[in-house]
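Two forms, one chain: they're shown below as structure tokens, one block per form, named structure 1 and structure 2.
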Structure 1
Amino acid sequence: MIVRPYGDTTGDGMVQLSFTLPIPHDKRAEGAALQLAGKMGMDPAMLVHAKPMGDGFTFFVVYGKVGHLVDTERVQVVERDYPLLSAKEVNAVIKRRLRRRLNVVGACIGTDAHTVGIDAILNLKGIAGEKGLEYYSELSVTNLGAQVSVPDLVETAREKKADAVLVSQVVTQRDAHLHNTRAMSAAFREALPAGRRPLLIVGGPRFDELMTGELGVDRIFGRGTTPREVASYLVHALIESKSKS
């Protein structure tokens, strides 16, 4: 299916774009914003908002027409390839098939102090009306919180005999989330043999879910992920898939 951006009328190709330029706000800055929009393929481009952002920076919003089309058949995404289970179903599968509690260790690693994401998945209160993994009676959850070093995470995972390690990364300046994830996966590969290595799962708003192989992890979850999705994946990856192999 071929689609075109929609702004005011169907198929008009109109898009809105926001960005910041490292120059003070004046007429020249506004002209620079329009020049950039034009080089990005917006023709014509209209400046609809400009605001100083501290000393020497200006935030812009531009609106204009692009000629690009999108072929939805060529879009690559990671589809959910496992059933979405209720908490009761997750607990039942673990109890029947694993016959022990499934151990999960979670953390924000490196200098990342943003625990909102990992807390939403792990903590009892959860998010958006869904209880977190602490609510699941057959899951044993250890939440290490913020700014956890990779060696400490590996050691805790070893001590807890973790079946899965969940890492949240929100800080993305200079690709910190990618560097931290690669360092984590390398540390686990070095510390534990393949048969004893936990499932490695990372999540955050700026991860590309197609990069699991490149980052050395088993699964990447993006924005909007719920505790139920994660719990269902754990059952699928650690119990259901292994029983079929």
Structure 2
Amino acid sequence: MIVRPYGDTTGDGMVQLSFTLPIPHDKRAEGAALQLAGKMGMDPAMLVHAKPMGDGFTFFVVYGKVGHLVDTERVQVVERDYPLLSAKEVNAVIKRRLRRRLNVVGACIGTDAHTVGIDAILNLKGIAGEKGLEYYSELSVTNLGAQVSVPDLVETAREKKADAVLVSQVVTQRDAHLHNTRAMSAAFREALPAGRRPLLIVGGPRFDELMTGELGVDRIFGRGTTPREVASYLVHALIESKSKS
């Protein structure tokens, strides 16, 4: 389907935009804001608000029409390519096919101290009415908590014979999450041969799910992930897809 932004009538293409330019507020600054909006594809662009902030900055709100068309058929996203199972089904598959508990090691790495996300996935309490992976009788979960170093994570993963390693990254300033994830996947590649390397999963609210290749991980989970999605993916990637190939 081909679509355009919707203001109040189909096809009007209206969008709103706000930003700051590092220049004092005057006529020229307003012109500069419109120039930017124009380059971003807004035509005509309406400057509806300009406010000086301190000496050298101005904040702008611009409304305008964009000519761009969006083709929903050509969108690239990571869609769930595995069935969403219940806890019972997950346990049953592991029991039947793996015949041992599946080992999961989780941590929030680097200097990041945000544990609420990884705890939501791993701890019994879970999130959004769903229990976390600890609730699954066939999953053996080790949650290392926050501020875990990559060497400690690799060591524990080895010790626990982890089938999957789940890493959380919430702080993104200066791309901390990307640096840490790359360091983590590199360390696993170095420490273990391909066949014995655990499935590497990262999650956090500001990841781009398309970056798996670049980051050297198997899967990325974003905002609003639920434990069930993760459990279903684990079963899919570690058991179902392996037996097929």
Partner chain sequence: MAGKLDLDPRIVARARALAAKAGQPVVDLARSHTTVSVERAVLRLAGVHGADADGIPWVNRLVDAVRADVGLGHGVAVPVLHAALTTGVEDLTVLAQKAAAGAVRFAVPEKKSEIAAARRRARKAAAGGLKIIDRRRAERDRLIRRYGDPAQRPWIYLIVATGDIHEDIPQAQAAARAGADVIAVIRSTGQSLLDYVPEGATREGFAGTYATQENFRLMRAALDETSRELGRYIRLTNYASGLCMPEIAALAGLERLDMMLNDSMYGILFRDINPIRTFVDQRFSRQVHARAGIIINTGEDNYLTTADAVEAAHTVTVSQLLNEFFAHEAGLADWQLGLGHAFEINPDLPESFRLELAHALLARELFPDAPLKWMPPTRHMTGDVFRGNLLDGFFNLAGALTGQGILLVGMMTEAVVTPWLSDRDIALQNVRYVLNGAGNLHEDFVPGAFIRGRAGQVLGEAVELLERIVDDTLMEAIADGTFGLMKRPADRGKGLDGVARQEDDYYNPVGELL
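Counting starts at 1 with the first residue of structure 1 and goes up one by one along its sequence. Keep in mind that what you see is a predicted model, and the values were worked out from it rather than measured. The term rigid core refers to the maximal set of C-alpha atoms that superpose within 1.5 Å between the two forms.
Undergrad: Just verifying the output here: the form predicted alone should be either structure 1 or structure 2. Which one is it?
TA: Note: form predicted alone is structure 1; the other is not.
Undergrad: When you overlay the rigid core, is the Cα of R228 off by 2 Å or more between structures 1 and 2?
TA: No, the C-alpha moves less than 2 Å.
Undergrad: Does T212 move appreciably between structures 1 and 2, meaning a CA displacement of 2 Å or more on the superposed rigid core?
TA: The answer is no, as the C-alpha of T212 shifts between structures 1 and 2 by less than 2 Å after core alignment.
Undergrad: After a core superposition, would you say E159 shifts its C-alpha by at least 2 Å between structures 1 and 2?
TA: Not so; E159 is displaced by less than 2 Å.
Undergrad: Taking the rigid core as the frame of reference, how far in Å is the Cα of V70 displaced between structures 1 and 2?
TA: Displacement of the alpha carbon, after core fit: 3.1 Å.
Undergrad: Keeping the rigid core fixed, what distance in angstrom separates the two C-alpha positions of F57 between structures 1 and 2?
TA: F57 is displaced by 9.4 Å at its C-alpha.
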